[in-house]
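For reference, the chain that follows is the form predicted on its own, supplied as structure tokens.
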């Protein structure tokens, strides 16, 4: 063999996807329509009228959306296919995967402006589209509903101290809370998403295409496709009590909408109030669900948990901001709290709560009696979407870690709800956060 000749590669060394006897070419779809693609009528009254969402890669002619199912996990699917661990032809067997609780349908499902970032029929794929599944369409659920036990040290402590009382129905003796939990993958109806953000659909599509490095050409080449399955994290909903009561404004609802904070929620970091507020809300939800009203009926509790790590800026950015805050001249002070984030990220917050109320409308919610949140952005988004809010519940002072006082003061000064005094300019300048080595 010559020195520059390519070494032979045995076929067995290649993944199955690379061993095809026929050369494959990359397809960039730029024409509308496709043989066998089913129409989508967003906001239709029934699932049959609306039509299924088909994000399959197994039969591209059937595709009627941009992107693929599973959000950010679609990249891991690609790795599994490339490594030969997963057949690209695999179709999910949905036997016995039906929801444990039936959610809806509610009037909000038929209003195309109420739910724009998730598929209201996403949990009912196996039942509603059985005919299409039998005909070979690869349709995947984007919502799953199941039962679970939630076990938290803070809830166990509340039981031990008598703040919570086990009832054998919602709360067990050992401190486990019985919940219905719902996993939701994002599904964006682009025309209405653009309206929520006050931009044109054309601009939204172009920026999505450009800022993802051209990952989804169909955003700009297929104006006939209105639905996008974005590669972002979804959300999980925890329901304490009967899910059907969420849609009844006569049943007292205690709720929190919580944005992910891995450092605090999981590992207990004390630079913010995320875990204390989350566990406090869970305690309040259990109490609310157990509460007996005049009619002898309990309430219902809800925690909606969204994957928006670090204000949707990401954990790397968040840690960079921590360093910048604690190394700045004068120390970590509340008056510079938001400025340090903007210096690193270019924006204070990218969570943009405009899409957040969708899951509440999916659940049929019309009134939240007790909202466990101080966020003005969340409150404005919820009430602005037509959901009534009664009492707002702030985090008790004794649950605020000392190093989180900077965050709390800054947020109260910025307009977050507080029943107490709002810190003035002089108070915000006082260094309260500890240093990096403390």
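Residue numbers count along the first chain shown, from 1. Note that the structure is a prediction, hence the values are computed from the model and not measured.
One more form of this protein exists, namely the form predicted in complex with a further copy of the same chain; it is left out here, but the text below deals with it.
Using a 4.5 Å heavy atom cutoff, none of 139, 158 and 380 lies near a further copy of the same chain in the predicted bound form. Of the listed positions (313, 116, 227, 133), a single one reaches within 4.5 angstroms of a further copy of the same chain by any non-hydrogen atom in the predicted bound form, namely 313. Only one segment in the set 283-291, 364-372, 241-249, 99-107 has any non-hydrogen atom within 4.5 angstroms of a further copy of the same chain in the predicted bound form, and it is 99-107.
The closest non-hydrogen atom of residue 356 lies beyond 4.5 Å of a further copy of the same chain in the predicted bound form. Not displayed here, a further copy of the same chain is approached by residue 307 to within 4.5 Å at the level of heavy atoms in the predicted bound form. When a further copy of the same chain is considered in the predicted bound form, residue 51 lies well away from it, no heavy atom lying within 4.5 Å.
Though the partner is left out of this view, residue 163 does not reach within 4.5 Å of a further copy of the same chain in the predicted bound form, counting heavy atoms only. With contact defined as any non-hydrogen atom lying within 4.5 angstroms of a further copy of the same chain in the predicted bound form, the contacting residues in 245-271 are 260, 262, 263, 265, 266, 267, 268, 269, 270, given in sequence order.
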